[in-house]
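The chain that follows stands alone, in the form predicted on its own, written as structure tokens.
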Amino acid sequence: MDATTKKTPLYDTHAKLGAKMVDFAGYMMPVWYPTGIVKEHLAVRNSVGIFDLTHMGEFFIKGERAFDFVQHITCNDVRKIGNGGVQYTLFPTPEGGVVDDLLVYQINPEYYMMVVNASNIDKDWAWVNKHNDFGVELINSSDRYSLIAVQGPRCEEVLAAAGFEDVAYDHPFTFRRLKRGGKRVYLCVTGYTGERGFEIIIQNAGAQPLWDDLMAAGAEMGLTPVGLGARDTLRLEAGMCLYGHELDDTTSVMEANLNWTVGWDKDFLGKDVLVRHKAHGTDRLLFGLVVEKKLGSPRPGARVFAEGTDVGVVTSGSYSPSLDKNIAFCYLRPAICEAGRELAVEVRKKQVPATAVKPPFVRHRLFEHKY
């Protein structure tokens, strides 16, 4: 471990649980526990799992022109969310790339929170400061807050047993601010799994008591600690992009099939490039592949072929525990993006059969609950 690598407030807990710890984005994080990635993954799909995501970054934006600033620097339309709303969005660049994808939380029109990817905290912080021509106050609170996620069909039962009230009435992509143990808590109906779930943002001092309360409350429901390994397979099944794989500084929002995140009726940084892409199309689009289990899993960088012609490249690939097959994200020529089309993909230096599919690979259940 590098001397500069940080530990989350839950590091000792993960170590006691026997987690495999690695340096990820400057934090020692659990990749898997002795139960293994497949069992952790299936626990989230079938019951409930708990994640330490403290490595994520939290920025706060305050000021009279906070709304104008967020509208300018992100591509989605903040007018859609209102107070207590959460929005998936991106930081587009003037050249057509993506600085990061993130969630924006509107506390009120003059007060916002952004949750950004762990590996991009420093880059994102420099970006928002560079483009702050609106006189807003920017606060990087990434080292002050922990984030614990509870995801899966039984997430509401766990939170209710841990003392959170009225969680069944919380709508997806909303949040509430409340106090727990004297600490400010953001209870957010968000996640990165495709399942109904919550992400709880709390000051660092409250992380361990919160984790302990949730684990005790979920003991009879099979609440399972989940590492970054299963988090990746869950998001891939759910068809969710990962920065550094499906998104980067050279990838357009439109290439990534994220045109639904664009507020076409507002002005924002980099809009002109996306307008051109909307009008004239792009040279590649993000799509999916399915490969039979016995043939192996495509890895990032593997080439994709149609009738012997190179037509694209894999960006993420993994075994899918839910499907018992191998799945992958890939960028393909637009003409190739046809569900059911038979293709080939490199696996262990050989070309194996693959079928093109439109993500998500597993149906989302985020909205399937009773109010």
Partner chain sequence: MATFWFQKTHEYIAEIDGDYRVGISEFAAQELGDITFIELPEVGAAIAQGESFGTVESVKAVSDVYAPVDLEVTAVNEELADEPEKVNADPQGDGWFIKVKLSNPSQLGALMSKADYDAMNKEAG
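Small disclaimer: the values here were computed from a predicted structure and weren't measured. Residue numbers count along the first chain shown, from 1.
If you look for the form predicted together with the partner chain, you will not find it shown, but the lines that follow are about it.
- Not one of T282, R303 and Y331 places a heavy atom within 4.5 Å of the partner chain in the model of the complex.
- Although the partner is absent here, K39 lies within 4.5 Å of the partner chain in the model of the complex, judged by heavy atoms.
- Put simply, N76 is far from the partner chain in the model of the complex: not one heavy atom of it is within 4.5 Å.
- When contacts are judged by a 4.5 Å heavy atom cut-off, F59 does not count as touching the partner chain in the model of the complex.
- Proximity of G296 to the partner chain in the model of the complex falls within the 4.5 Å heavy atom cutoff.
- This chain is drawn without the partner chain; in the model of the complex, the residue among T233, T190, T251, T224 with a heavy atom within 4.5 Å of it is T233.
- Exactly one of the stretches 49 to 57, 316 to 324, 335 to 343, 65 to 73 approaches the partner chain in the model of the complex with heavy atoms within 4.5 Å, and it is 316 to 324.
- In the model of the complex, R348, K350 are the residues of 329 to 365 with at least one heavy atom within 4.5 Å of the partner chain, listed from first to last.
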